[in-house]
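The chain below stands alone and is given as structure tokens, in the form predicted on its own.
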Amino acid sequence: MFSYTFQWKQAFARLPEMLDGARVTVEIALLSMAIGIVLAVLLTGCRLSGNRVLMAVSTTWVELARNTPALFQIYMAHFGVASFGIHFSPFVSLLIGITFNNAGYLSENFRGALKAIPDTQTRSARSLGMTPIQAFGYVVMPQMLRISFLPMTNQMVWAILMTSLGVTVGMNFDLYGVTQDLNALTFRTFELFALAAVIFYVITKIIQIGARLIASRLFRY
């Protein structure tokens, strides 16, 4: 017989601590996306470069990022490299794991976006006297980012949710880690995790709505 008594006051009393954890969660996701986008652009360039070594490195990264669990990637960033004498804090390990995952997925998004841009765009830019780098930076990249902007939003949402895996490597000051610790102190499992789920939901909805507003302003034409 279910005899659990909900005590929401205890959970709401811990809301400030959970919001502090939510701030850390958003920081990790933003950092992982910023670094991931830079790495993804490099990976895309390597994959389209025609150089076999660079193509092999990029393809291996993308295959591992897309076809292994995010939990495995975070574990390897924490426990895997530790076996070689390299030790990262839980924060750094979580950041590395999520960034690795983001870069792999975003690279494929960018590659698909590039293929959607006609080669005539680059040739036209080159005919105007632009160098290959200028043609890519001024003509191709803006179009690539426009095409892949909304898929990037999905990856940002995924990055927010992936932070909950940090608890497996000892991360205890992000939203999920704080909730886990509070649960151990108060035993208000349902209330605390329900509250954490609501906070996760609100964060991801804000990101989605914000992305749509930004897209409507930036990509009107």
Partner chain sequence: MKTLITAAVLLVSAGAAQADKLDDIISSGTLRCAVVLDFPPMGFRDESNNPQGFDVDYCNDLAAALGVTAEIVETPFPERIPALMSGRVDVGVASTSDTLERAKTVGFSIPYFAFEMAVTANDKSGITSYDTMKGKVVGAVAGTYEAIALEEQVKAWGEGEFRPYQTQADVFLALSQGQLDGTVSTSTVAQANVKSGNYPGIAVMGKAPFDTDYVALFTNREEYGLINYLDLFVNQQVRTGRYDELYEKWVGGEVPSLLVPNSYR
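Numbering follows the first chain given and starts at 1. In this text, all values refer to a predicted model and were calculated from it rather than measured experimentally.
A second form of this protein, the form predicted together with its partner chain, is not displayed here; the remarks below concern that form.
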Item to complete: Only one of S49, T59, N154, T168 comes within 4.5 Å of its partner chain in the predicted bound form by heavy atoms, so just point that one out.
Response: T168
Worksheet item: Quick one: does Y138 come within 4.5 Å of its partner chain in the predicted bound form, counting heavy atoms only?
Response: no
Worksheet item: Do S127 and its partner chain share at least one heavy atom pair within 4.5 Å in the predicted bound form?
Response: no
Worksheet item: If you check in the predicted bound form, is L150 within 4.5 Å of its partner chain, heavy atoms only?
Response: no
Discussion item. Using a 4.5 angstroms cut-off on non-hydrogen atoms, would R123 count as touching its partner chain in the predicted bound form?
Written reply: no
Worksheet item: Heavy atoms within 4.5 Å of its partner chain in the predicted bound form: which stretch among 99 to 107, 139 to 147, 115 to 123, 84 to 92?
Response: 84 to 92
Worksheet, complete the sentence: Within 31 to 51, the residues having any heavy atom within 4.5 Å of its partner chain in the predicted bound form are none
